[in-house]
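This document opens with one chain alone, in structure tokens, the form predicted alone.
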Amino acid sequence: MATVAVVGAGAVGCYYGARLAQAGHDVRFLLRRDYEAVAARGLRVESHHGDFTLERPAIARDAAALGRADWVLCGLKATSLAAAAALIRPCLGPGTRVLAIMNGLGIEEALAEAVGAERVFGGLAFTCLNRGEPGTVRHLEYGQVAIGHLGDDPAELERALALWEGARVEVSAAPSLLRARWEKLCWNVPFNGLTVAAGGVDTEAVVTDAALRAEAGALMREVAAAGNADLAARGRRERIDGEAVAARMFALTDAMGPYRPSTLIDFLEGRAIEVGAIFAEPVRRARALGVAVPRLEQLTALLARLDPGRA
């Protein structure tokens, strides 16, 4: 069994860390807001797969108290990416790997500058998770994670997939992490973005309103075009089938019900939203590559204006 340090123990970090603990791994959670609640009552997961509680999980308020780990599961918001290195370093030993289950583009590259590219993996989670009362995570739907290695090393990828053996999480290999990142943006951009821009609506409102649904599809096609240009510029042969990805994203979201994405929740609760990694970085790369993304540019500018965390 592996030792796993969870840095960024919000809904994502707590849920996937709890699943690894269920599978028998030694999981240690860095907690702040929920520390007292988890110390008193344990970490509870309310899941459509069945509820469960970690009665006495290993928790700490300071990263140094987590100790060295075989794996660091980083579930921070991209708005906290600058703080990630300082939180991860106390957990690093010679063989530690870092798995970032975070949204956005450029996440792994930023972590690699601090800890080395050979250690870094990305996890693309397609799941409906929210935080409940302190010490509680609500798992509403889906939950699968595609995992890739920053260097696309097949042996390292197998190592990462092996961590999840026995855990109640559907994991798959992403042989090209860059392609997987852009494909995930085909969901994150329209649904995280339009739920805010349309006035604080849920995903069901986006897919059932004809104009919003059409806008979501157009955004997906722009993201796919920019992603393919980025792949080509980096000498990669693989490409994103924009129409197939859009069909899959709509099918999943149609079945999701009235879900509030994390960006919408952050916006409604007055916290900084992940404009940089999810929206601005794709725009920056598209412009550099000469790819027209007018809808994405407009949405990014609007979200930057609405961002409660703007200076």
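One-based numbering along the sequence shown. Values in this document were obtained by computation on a predicted structure and should not be read as measured data.
As for the form predicted in complex with another copy of the chain, it is not shown, yet the points below apply to it.
Highlighted residues Ala125, Ala244 and Leu252: none comes within 4.5 Å of another copy of the chain in the predicted bound form, counting any heavy atom. Another copy of the chain is not shown here, and in the predicted bound form it never comes within 4.5 Å of any heavy atom of Ala146. Taking non-hydrogen atoms only, Ala23 never approaches another copy of the chain to within 4.5 angstroms in the predicted bound form. Not displayed here, another copy of the chain is kept clear of Gly290 by more than 4.5 Å at the level of heavy atoms in the predicted bound form.
The closest heavy atom approach of Ala180 to another copy of the chain in the predicted bound form falls outside 4.5 Å. This chain is displayed alone, yet in the predicted bound form one of Leu231, Ala78, Ala197, Ala167 has a heavy atom within 4.5 Å of another copy of the chain; that residue is Ala197.
Out of the listed residues Glu109, Glu238, Asp153, Asp209, Asp209 is the one that sits within 4.5 Å of another copy of the chain in the predicted bound form by at least one heavy atom.
Of the candidate stretches 172-180, 213-221, 68-76, 154-162, only 213-221 has residues with heavy atoms within 4.5 Å of another copy of the chain in the predicted bound form. Shown here without another copy of the chain, the chain has Pro294, Arg295, Glu297, Gln298, Leu299 in 282-299 lying with a heavy atom within 4.5 Å of that partner in the predicted bound form.
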